Each structure stands twice: as C-alpha cells, then as structure tokens.
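Okay, so here's just one chain, in structure tokens, the form predicted on its own.
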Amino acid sequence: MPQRVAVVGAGAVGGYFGMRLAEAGHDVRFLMRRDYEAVKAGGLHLSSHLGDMSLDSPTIERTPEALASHGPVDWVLVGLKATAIPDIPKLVGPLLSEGTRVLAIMNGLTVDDEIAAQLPEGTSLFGGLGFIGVIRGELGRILHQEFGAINLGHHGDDPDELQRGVDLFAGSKVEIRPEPSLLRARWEKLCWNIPFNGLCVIAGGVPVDQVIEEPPLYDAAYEIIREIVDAGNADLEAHGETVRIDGPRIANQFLTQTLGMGAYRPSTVIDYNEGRPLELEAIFRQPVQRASELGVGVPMMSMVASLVGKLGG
C-alpha cells in the first residue's frame, strides 16, 4: 500500500532513500533548501550502480509548514546530521499528525533517545543505520557509490512496529536488515564510524584507502573496533539485553568491506575538509562517556575523540 512520506534533511542520504521510496510507488515529498531552485527547474536526479533514476517534478518546499500544506503524511524520514537534533521540533513537528511514524537515518549512540524527547509522546520512532556511500553532486544530483542497505530498528524494540518499517521499503531497491536490538545496531555502526571517520580526519582528511592500506593505521582501526565491541557489550548487559556484538565477525566484516571501498571519503571527512561542524558528540564523545560510566577502558577511542575534537572542534 503506497505511503505518504516527508523527507526532512534531503541531502545525499535522505535524498537517496526518499528517491528509492518514490521509485517504489510511494508519495514522497522533500524539504529542500540548497537544492530547491535547481530541483524546481530541472528535477532531482540519481546516479547509482543499482540503477539511475530521476524525479522530474517532485513535491518540494522550503519550509515544513509549506510541506505540511500538501496534506498529512504517514512517515517522516529524517536525514539530518546529529548536530541538528535541537531543530527537530521546528523541522519535524509541523509534519506530524496522529499515527505519523518517524524514521531517523542518523549516526550516533544516543540520537534515538534525544529525538524521542523532542517528539510528542506516543510517536513511533525508528532508527536507521545507513550502510551506504552516497554524496551530493551538482545541485539536484545525488551520486550513489557504494552499498545501500539500512539496518533498521524500533525505539522500544517493538517487533510489530519494526515489521511496519520493513514493509515501508518492500518492493524498493533498498535492502532492509531488521534489528531486534536498536542499541546493538547503534554500537555496531560505531564500529565503522569511529575508526574510519576518526582516523581519516586525524590523517589529514584522507579517504579510507589511505587508512586501510597503511599497516599502523589498519592495526589502530582493529584495536578501536575491539574497544567499541567491549563497550557495546557492556552497555547491552547494563540495559538487560541478551544480545551481544560478535567482535571477530564485525571486525572482519568492516575491515574487509573497507578494503574494497577505494578512495571513499566518509561524511565526517567531507565535513572536515569543507569546514563544517563535525558530529563530535554523537559519534565520538558519547560512546567514550558511556564506556567511562560502565568502567570499560577505551584508550584508543578516547585518543581518537580527543584528536578529532582538536582538529574539528
């Protein structure tokens, strides 16, 4: 059944997944700022190894109030950076009505709790971990380079709600990996984000191949992953969850995948190179703080958080 979806944060990630939902037959509307004029004049275009596509006349607006004037939506897909969480009430609030679900495809450890605190009580919130290499090209153009799956969890781990999230993407080109534990999924994504976003920034804003192919940096990435796994499993235990992160599996998976990514620059590196604010709290500092609260030693994670903070703070 087609759903009505509003995309807030229609940059590379939000724009990509919104376009794939539109391709699957959903009524997708985009909140746009930078690309508004270009998309209004020439449409929204995607270049992808999974198939190119274009939306010639998508529904776009500059403000959430104007987007809301097109009628209620069933879903709000949030593709913002974690630094924009304080803006959730003004950006997402006007789009919410009874029964609207929110899917936040965002990085960070505590983003789900932070977003939930900004939403009306009872709003069903989902967390999405996008494993994707996608960047903005020219105005109105999105370039999809690698992967493209979402590890999807529900804030509250409700299996029935989780299935609704899975169903939203049925028939699309997006692989959905349902996660029974959103907390575990968040820690597992950090197993990539902290070492590769962090080390690439520390090394001078370089792509991942310059980390994965340099033995000392490769070894550092492995040690960072090991620390994240220890902290994550301690956090899962502290929350009374029975699931755990399989350290050897996740390390092998991420190191092998990254080896094949070539000269890919992660989002934090792009922000660093372009002088934009970094997601320091969400990706680096909060996991270190949580590990400290749990009494788990994480010297490599702490070093990365400190150095990235000095370079990009």
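Residues carry their position along the shown sequence, with the first being 1. Bear in mind the structure is a predicted one, so any value in this text is a computation, not a measurement.
Not on display, but discussed next: the form predicted in complex with another copy of the chain.
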{"query": "In the predicted bound form, the residue from A82, A234, L95, A220 that sits within 4.5 Å of another copy of the chain by heavy atoms", "finding": "A220"}
{"query": "Interface residue in the predicted bound form among D87, E241, E146, E214, criterion: non-hydrogen atom within 4.5 angstroms of another copy of the chain", "finding": "E214"}
{"query": "Segment assignment from 138-146, 201-209, 107-115, 181-189: heavy atom within 4.5 Å of another copy of the chain in the predicted bound form", "finding": "201-209"}
{"query": "Any non-hydrogen atom of M303 within 4.5 angstroms of another copy of the chain in the predicted bound form", "finding": "yes"}
